[in-house]
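Consider the single chain below, provided in C-alpha cells and representing the form predicted alone.
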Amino acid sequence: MSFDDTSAASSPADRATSDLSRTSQVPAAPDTAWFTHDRLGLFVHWGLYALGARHEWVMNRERMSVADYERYAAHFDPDLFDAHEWAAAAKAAGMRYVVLTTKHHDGFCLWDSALTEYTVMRTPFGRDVVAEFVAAVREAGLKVGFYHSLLDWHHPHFPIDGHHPLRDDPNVAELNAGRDVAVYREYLHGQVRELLTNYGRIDYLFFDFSYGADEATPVWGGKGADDWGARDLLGMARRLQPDILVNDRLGIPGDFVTPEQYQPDRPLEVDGQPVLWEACQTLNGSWGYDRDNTDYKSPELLIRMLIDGVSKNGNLLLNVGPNGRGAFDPHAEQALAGLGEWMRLHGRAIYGAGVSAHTPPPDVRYTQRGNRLYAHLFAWPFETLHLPGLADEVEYAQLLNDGSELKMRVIDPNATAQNLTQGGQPAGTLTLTLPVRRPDVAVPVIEMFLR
C-alpha cells in the first residue's frame, strides 16, 4: 500500500482564507468557566502505532522510513473499536471532556481528509474515526476535544530535524534539499480547517508541539511559532470555533498551559500572573498502546494526582492508549473504574472546586467550592484531625463518602497534653473527631461548611 501527500498543496480558496487570517486580529479568548469547573478529562492516543504496540514514538525510536512504517496502515482494522464504549467509560469515570489524537507525529490521519491519502479511509478499516468519536462523545453529554500534531514525519515537505526518524541518515542534507516548510504549513492549516469545519462544535484543541531554538533543550532543525504560522493558525481556530479553548504549544500563549508527566507543586503562574493549567498524564509513561510496559499507576495514585492538581487550581487530562483492535486494555479499564467509583462519592469536592486560601496540615489537600471546604486525607490519623486556623470558620463537618457528621471542638491552647487530655494546639485550631476505622475509599474526604 502506498500513499500520496501531493494533494496537500493548497487550493486558491485555501490560500485566500489563510491570507485573510494573516491580516485579521486574533479574536479574544472565550469563556473558560466550563474548563475550570469540569476539572477531569480523558486523553485518547490512538493511531497506527497501536499495532506496533511499543510506544507512540516507535517510528522515531526505531528510525523507520515512511515505507517501513506504512505497513501498519495496510493492517489497520480495529474490529473492536466502538466510540460509544469509549465515551461511556469516560463518563463513568467522572470525566467531563474527551480529547482524541486526530493526527500524531507519524502523520496518519484518523479522519477523511481531502488533503492526503494517508488516512484511515485508505486502510482495511475504512471508517472516519473522528466522525464516530465526535458523535459518541456529544451523545454522552461530554465536551469534544481534538489533539493535533504540528509535526508530520510522513509529509514530503516536512523538513527533517533532530526529532525526525531520518535524522541519522547520512544523506539528510540531500533529503532536505527539496523540502519546503511553507508548503507543509499550508497543509497543516488546511487540515486544521477541515477538523474545525466538518465536525460541528469543537470545545478544545491541543496542539503538539513547538521545539524552536529558544526551547530549554534545543533540537537541530527545530521548529517553532513562525514555522507553524502560529498566530494565523490560532486566529483561524478562533474564527471557525469562537468558543474553543486552545493550549500553549504553538510557541505563542494559549488559553491554558500544559505540564506533562509531572505534578506542579503550586498554582501555576506566567510572568507572575495566575494561569489556567492542565496536567496531562499517562497510565504507564506511554501515550500510545505499549504492550510490554507494565509500569502502571494505581487508581489510588491517579486519584491523589487529580486531587493535588485541583488543590492548586489545575485540571487532570488522563490518557488511555487503546490497542490495535480499538479496545481499552484491562489496566485502563481498572484505572477508569477506580476513578469513577471515587468520583461517584466525591465529585462535588472536584467539580467547580479549586485552591483554598486556607493552609492544610501535612498529608491533607484542601479544595474549595464556594463556602464548602474539602479536606482530602492522604493519611488517616488516629481519631483526631487538627486543622489550624479553622476554629471560628466551620459551622458543620461531615465525611463526604456517607454524609456522616463529625464532632468538632476547640482545644484550649493553654492546656497541657497529659494522660487523657489533649493540648498543645495553636490558638484557632479546629479539632475533628474521626472514626478509628478508615472509610473504605481510595482517599477519604471531609466536607466542611464555612460560616
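Since the model is a prediction, treat every value here as computed from it, not as a measurement. All residue numbers refer to positions in the sequence shown, first residue = 1.
The same protein also has a form predicted in complex with a small molecule, omitted here; what follows describes it.
With the partner removed from view, the residue among 108, 187, 287, 228 that has a non-hydrogen atom within 4.5 Å of the small molecule in the predicted bound form turns out to be 287.
Of the listed positions (206, 342, 118, 86), a single one reaches within 4.5 angstroms of the small molecule by any non-hydrogen atom in the predicted bound form, namely 206. Heavy atoms within 4.5 Å of the small molecule in the predicted bound form are found in exactly one of 206 to 214, 370 to 378, 172 to 180, 234 to 242, that being 206 to 214. Although the partner is absent here, residue 260 is a contact residue: one of its heavy atoms lies within 4.5 angstroms of the small molecule in the predicted bound form.
Taking non-hydrogen atoms only, residue 280 approaches the small molecule to within 4.5 angstroms in the predicted bound form.
The small molecule is not drawn, but in the predicted bound form it has a heavy atom within 4.5 Å of residue 249.
With a 4.5 Å cutoff on heavy atoms, residue 104 counts as touching the small molecule in the predicted bound form.
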